[in-house]
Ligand code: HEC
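This document opens with one chain alone, in structure tokens, the form predicted alone.
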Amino acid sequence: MTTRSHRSMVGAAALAALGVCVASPPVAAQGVDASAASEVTFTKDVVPILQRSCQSCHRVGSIAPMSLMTYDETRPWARSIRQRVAQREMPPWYIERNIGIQKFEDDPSLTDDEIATIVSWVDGGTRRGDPADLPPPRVFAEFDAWQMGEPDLVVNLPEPIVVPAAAPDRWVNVDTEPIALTEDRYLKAVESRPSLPGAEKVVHHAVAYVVSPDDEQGFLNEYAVGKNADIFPDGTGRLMRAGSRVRYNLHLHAIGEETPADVQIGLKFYPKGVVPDHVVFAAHAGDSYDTIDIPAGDNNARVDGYFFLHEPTQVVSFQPHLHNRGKRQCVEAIYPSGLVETLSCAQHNFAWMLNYTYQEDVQPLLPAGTNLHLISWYDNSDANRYNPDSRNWIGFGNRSMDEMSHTWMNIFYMSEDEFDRRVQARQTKRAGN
């Protein structure tokens, strides 16, 4: 057996040992026992679920259209809440629960038991319950608006860009002044977000780059509607040199009313002088510029793309990117040995371009020579409520009405020796458990 073949088999075995393909059946939110449903109350059973998974968005001043902080605020929405959680439309988290890796950072999704509790509460008459059962209210600080926590530094556009009420899609490059860094620093987390009322409706995406004083450009972060934060594992980060500026690439589209748009970028740094072991970069993986071919009316068109790994790699996160007609995306690893394993699949919702960060102990370890295979599916039929016009053939394009097929994957490379050590450590830990 050659060294390369041995390593590819070890990498595959490590993933298999981590339970990459463990099945978990979807929740069945029907047939709730009537007596059990009548015992479920808002104060004792429902509020803890809302505090953990809903109130960050569903509160006054946050992004959701209604507040779910109190019984009186929640009760009018009970049946809608039941429907959305039973179908796993809310909270937004579209990883398929019966395929691939299932351990993620900051996963707000509800367990089967939590869904059953909410269904029981609604079906049992939405009882308020004893006020004494209420847990202490969740306290939100100002920086809770940032999913990564309070940033060390916030960057804005030099001035807001006003998007007219009616206009074609527009792509704009904007540079900031040099940011307030007097020495090179490594980023521990980065998050971008529209920061003016209504801006999230007109900013389709904002790709941010770091431009060094000698004009070298490097990727910083990508925002798309509904995007969450990029948080890097301990010992990894993204470099920002002293005197750098930020370059925005903005895709803007009109919504029928004049709307000013700004995009904030929150930066969280390692302490001064700390240099992480690895630099994380966002691989723009599986691009399909010439192969997107979606016939009019087709409700299950498929597109395939690939991203080859020349070095041993650890995958930190998976962020599907499709447009209005996208309905599902999977990424699988094709090992040098020929073994194929699915890493993750996610249903697609154009309103939520989520970044799914794997927990560190299950972040895929992939040997050199692995090919990442991206598979995307599209619904170009009338059944897709987001479809602008099912009569049109659709190919690649930057406009929202066109389509894309790629995934952003935060990854970092390592030496063959380090790869072997990481695989062995995973196997040892797994055997110990």
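Note that residue numbering follows the sequence shown and begins at 1. As the structure is a computational prediction, the values presented were derived from the model and not from experiment.
The discussion below concerns the form predicted in complex with this ligand, not included here.
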Based on heavy atom distances of 4.5 Å or less, which listed stretch (356-364, 210-218, 264-272, 77-85) is in contact with this ligand in the predicted complex? 77-85
Classify Leu68 as contacting or not contacting this ligand in the predicted complex by the rule of any non-hydrogen atom within 4.5 angstroms, answering yes or no. yes
Would Gly124 sit within 4.5 Å of this ligand in the predicted complex, counting heavy atoms only? no
Check Cys57 for me: does it contact this ligand in the predicted complex (non-hydrogen atoms, 4.5 angstroms)? yes
Contact of Asn387 with this ligand in the predicted complex (heavy atom, 4.5 Å): no
Whether Ser53, Ile63 and Trp352 all lie within 4.5 angstroms of this ligand in the predicted complex by heavy atom: yes
Heavy atom within 4.5 Å of this ligand in the predicted complex, from candidates Ala145, Met90, Cys330, Leu339, belongs to Met90
The one residue among Leu110, Val163, Ala206, Val316 placing a heavy atom within 4.5 Å of this ligand in the predicted complex is Leu110
